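One chain comes next, on its own, written out as structure tokens in the form predicted on its own.
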């Protein structure tokens, strides 16, 4: 049985990856602050411990899903961002090359500036914020090794453990905590379920020959939404008065963001690898456990 290592396996995407790969692979999931069985505690920034871990467990593949993903945090903590989002992936790429491990580095649609979507895998990145810059720098380090893979993904949602674990599920919290919530109606996003990302990655590894892998892959759903549109859909689903929601038609947030960085998954489309779903229905189901039911 092939062995796969997943970093950040306690996170939203990491959990989906762990569950999806467990039926056909021996999966080693690592985490740091939230490491509990069956996950293994590992400080990824201790590069010597990281190499020892690779030597001991000898995975065939490694999916690196651990990162700092919050643009404002990246803006405020440049040293932490450099360590987690750039130095660590660069070290992993080198270590995986030395120990013959195929690396899948999870990157972001935020490597693009959002001015000329959709973006093919060959499009030239031009990030706008510190988060996007860090991801692009890491991509360059990973792609220095032709056998490694960069996987760009958009904003994610799924079965969250906390309502604020996803930039989309937190929308419900923002609705109920404000009398007059304001929602971004400027940035166009392509919400993608973490289970579909995991299924796609599994298909890449199991269905594509090694000669067909390496380089950049895009994985994304294709239906556009603004956060305002998603907030209105949640309001309708759970009995919130959506007339109270204000649409913000200009950029929101301290860190600069692209308006529309749609990813075109040309490589996977040619291979017939496509997993998608209705984002509204999926988001409603992700939020439902956190909606207080009316007393009878």
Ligand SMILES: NC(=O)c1ccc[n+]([C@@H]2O[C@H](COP(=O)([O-])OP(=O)(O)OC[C@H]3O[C@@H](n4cnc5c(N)ncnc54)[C@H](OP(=O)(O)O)[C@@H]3O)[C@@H](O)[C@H]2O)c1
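Residue numbers count along the first chain shown, from 1. Keep in mind it's a predicted model, so treat the numbers as computed, not measured.
There is also a form predicted together with the ligand; it is not shown, and the following applies to it.
Partner contact region in the predicted bound form: 36 to 44, out of 51 to 59, 253 to 261, 36 to 44, 239 to 247, criterion any non-hydrogen atom within 4.5 Å of the ligand. Screening 107, 81, 220, 149 for any heavy atom within 4.5 Å of the ligand in the predicted bound form leaves a single hit, 107. Residue in contact with the ligand in the predicted bound form (any heavy atom within 4.5 Å), chosen from 93, 133, 183, 156: 156. Not displayed here, the ligand is approached by residue 69 to within 4.5 Å at the level of heavy atoms in the predicted bound form. Although the partner is absent here, residue 20 is not a contact residue: none of its heavy atoms lies within 4.5 angstroms of the ligand in the predicted bound form. Residue contact with the ligand in the predicted bound form: residue 195 places no heavy atom within 4.5 Å of it. Of the heavy atoms in residue 31, some are within 4.5 Å of the ligand in the predicted bound form. By the 4.5 Å heavy atom rule, the three marked residues 171, 175 and 234 all fail to count as contacting the ligand in the predicted bound form.
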